[in-house]
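Consider the single chain below, provided in structure tokens and representing the form predicted on its own.
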């Protein structure tokens, strides 16, 4: 059965200084269709959906929504026309409850009692139950996303745009979300779905439009293509899976003992009696649903959070009371999850951001003065080796797409030849080719003798690169177990708090 077109995009183009973000983009979304928008980092996906949502005005081209010319000058106009968007990064206030957060995102919110009733009705009706009175700071990452989605659904959208919606969800939460999206589709709501998780695209989406360097380079029906085929359409090249170079494990390089740290965030998760060891040449994968202490663990290991004597050792040296720069001198580097504001200063250039963490190990200052030649060469080397799409190293960090900034941040740390590297969400929001490159770079580091810790919510990623796996749950870490032979069901139990269990015990508990 042929569906009517809901949104038609014809020849949209948008340029910024030094880059053409979109060029002559055309495609259609049918009523009730779940349409994927695919492309590598910097392909123009974000600019395109911002034009649809009224955040950016196109230079050329037009849009037609339900048979009428559509050119929103701001998101309010887009919402009034039936277009809603769930962003990749949540825009919620921890200290407010669910109903108060929902009201802040509505143009004409009803009274709180009426709104609370509507939230219960809509959230339960779509399988996303929410308590309107709960503080957002007490919610899991999956529940926070429900708040964002329900806020959109209360406005009865005709087109729902979703940007990387499953990046912080457990496999069970992904299934719930997909059931909700299929129900919306059956009721006639169209969905424009952006994700780098191509197996999810295959399972969910009806059609896909592929962008490369701002242009439409193809369309496909996802269920008729393999994930690899779609990835290769996105990048225009053959992809190779990461490979572990041959090498033997050495002595213990990083050892953590009885690490307990109170979270500085009142809504954060304190670490409780964390212990593990990583040998030279080994990759330890730490999995966990967002909000279980990942940020706190990275900050404790980096030295940003105060830790006690004898809690952390690098190559036999106690670093428990050292700060970040002292730890870097000894060879421990880190890359946090939050790119803008933590891993990179938004308004500083890429060259300046390279200096911020690269100075200690790369010797970028001499007698109190910055060696700008060496700093420039270091930044340029990162951009070239990690294929960071940017007009130049003088570009501000905030001007890069999320995926390109991620490549820059990871490249900056990897190119310092660390003894120990801890990364949190290393490939979050990056395309398949960039993810494979980053994972390979981490494996190559391990092959050269570095101890590598990968903290990730992407279980497939952890299983691809890690020698051993441990689960973080409510600030406690399960004993690491070999990844070889570990099943998704066993991992699920560990993520849920089956601590202190060996693999055989996990399997027995599942049975």
Partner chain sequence: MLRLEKRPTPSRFWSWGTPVLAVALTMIAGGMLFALLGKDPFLAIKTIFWDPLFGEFAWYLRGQLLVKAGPLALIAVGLSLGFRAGIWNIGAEGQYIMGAVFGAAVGLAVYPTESRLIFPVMILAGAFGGWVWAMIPAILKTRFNTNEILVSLMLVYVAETILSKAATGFLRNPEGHGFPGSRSFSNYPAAHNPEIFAGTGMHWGVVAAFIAVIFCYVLLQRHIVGFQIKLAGQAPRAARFAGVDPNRLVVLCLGLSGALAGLAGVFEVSGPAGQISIDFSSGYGFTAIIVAFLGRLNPLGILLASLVMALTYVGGEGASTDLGLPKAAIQAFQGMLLFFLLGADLLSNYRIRFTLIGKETR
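Numbering follows the first chain given and starts at 1. Note that the structure is a prediction, hence the values are computed from the model and not measured.
There is another form of the same protein, the form predicted together with the partner chain; it is not shown, and what comes next is about it.
When the partner chain is considered in the model of the complex, only one residue from 283, 286, 301, 344 comes within 4.5 Å through any heavy atom, namely 344.
For the options 105, 142, 402, 336, the residue carrying a heavy atom within 4.5 angstroms of the partner chain in the model of the complex is 336. At a distance threshold of 4.5 angstroms between non-hydrogen atoms, residue 324 is in contact with the partner chain in the model of the complex. When the partner chain is considered in the model of the complex, residue 97 lies well away from it, no heavy atom lying within 4.5 Å. Put simply, residue 359 is close to the partner chain in the model of the complex: some heavy atom of it is within 4.5 Å. By the criterion of a heavy atom within 4.5 Å, residue 412 is counted among the residues contacting the partner chain in the model of the complex. Heavy atoms within 4.5 Å of the partner chain in the model of the complex are found in one stretch of 336-344, 81-89, 269-277, 199-207, which is 336-344. Scanning 351-390 for heavy atoms within 4.5 Å of the partner chain in the model of the complex gives 352, 355, 356, 357, 359, 365, 367, 368, 369, 370, 372 in sequence order.
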